[in-house]
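Just one chain is shown here, as structure tokens, and it is the form predicted on its own.
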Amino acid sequence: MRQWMNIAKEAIARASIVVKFICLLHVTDSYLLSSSHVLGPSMLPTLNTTGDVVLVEHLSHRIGKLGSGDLVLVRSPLDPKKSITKRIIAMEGDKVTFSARNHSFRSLVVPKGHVWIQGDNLYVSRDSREFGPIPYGLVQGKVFFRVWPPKGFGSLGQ
């Protein structure tokens, strides 16, 4: 009987270590740093169409340290199951003038609690010109580093 008790204690101790590790991974991925695979032509020439793996930090947007020019990972307002990577063009209170899909020019002031995002490749990007300013709450993090492909390894500063 004593042997079974020792085995049970050992199993519980190991399970506890695994649970703690999984919790640490969750906290790190959700609140500190995660990776994301970015596909598509909307961010050319900054990111490749064939796909880049980038690092996303999740602190800046929580403490209000994002600004114009930052690359961000955003929950898509058109399909909440997807995330998109775009550049912040304007912050709340900034005036934006843009060309709409019908080639007319429009101006607006970004409302409080929103940001204006656009892809670097304006001709193919679906962005705020299509769906308007996005709520700050849809911003998931700031893209700051490319880890793949190796040729592009490095910082993605402004």
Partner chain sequence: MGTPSVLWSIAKKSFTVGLVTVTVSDRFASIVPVRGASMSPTFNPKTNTSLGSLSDDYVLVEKFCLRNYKFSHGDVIVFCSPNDHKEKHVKRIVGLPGDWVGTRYDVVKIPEGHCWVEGDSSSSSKDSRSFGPVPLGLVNGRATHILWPPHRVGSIDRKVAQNRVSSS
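This one's a predicted model, so the numbers in the text were calculated from it and none came from an experiment. Positions refer to the first chain, counted from 1.
Beyond what is shown, the protein has a form predicted together with the partner chain; the following relates to that form.
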Self-check item: Three-residue site Gly69, Val96 and Arg129 fully in contact with the partner chain in the model of the complex at 4.5 Å by heavy atom
Solution: no
Quiz prompt | the partner chain in the model of the complex: contacting segment from 27 to 35, 44 to 52, 116 to 124, 98 to 106, heavy atom within 4.5 Å | solution = 27 to 35
Quiz item: So in the model of the complex, does Arg14 come within 4.5 Å of the partner chain, heavy atom to heavy atom?
Solution: no
Quiz item: Taking heavy atoms and a 4.5 Å cut-off, does Val18 contact the partner chain in the model of the complex?
Solution: no
Quiz item: Is the gap between Trp148 and the partner chain in the model of the complex 4.5 Å or less for some heavy atom pair?
Solution: no
Quiz item: Could you tell me if Tyr136 has a non-hydrogen atom within 4.5 Å of the partner chain in the model of the complex?
Solution: yes
Self-check item: Stretch 69 to 103 - residues with a heavy atom within 4.5 Å of the partner chain in the model of the complex
Solution: Arg75, Pro77, Leu78, Pro80, Lys81
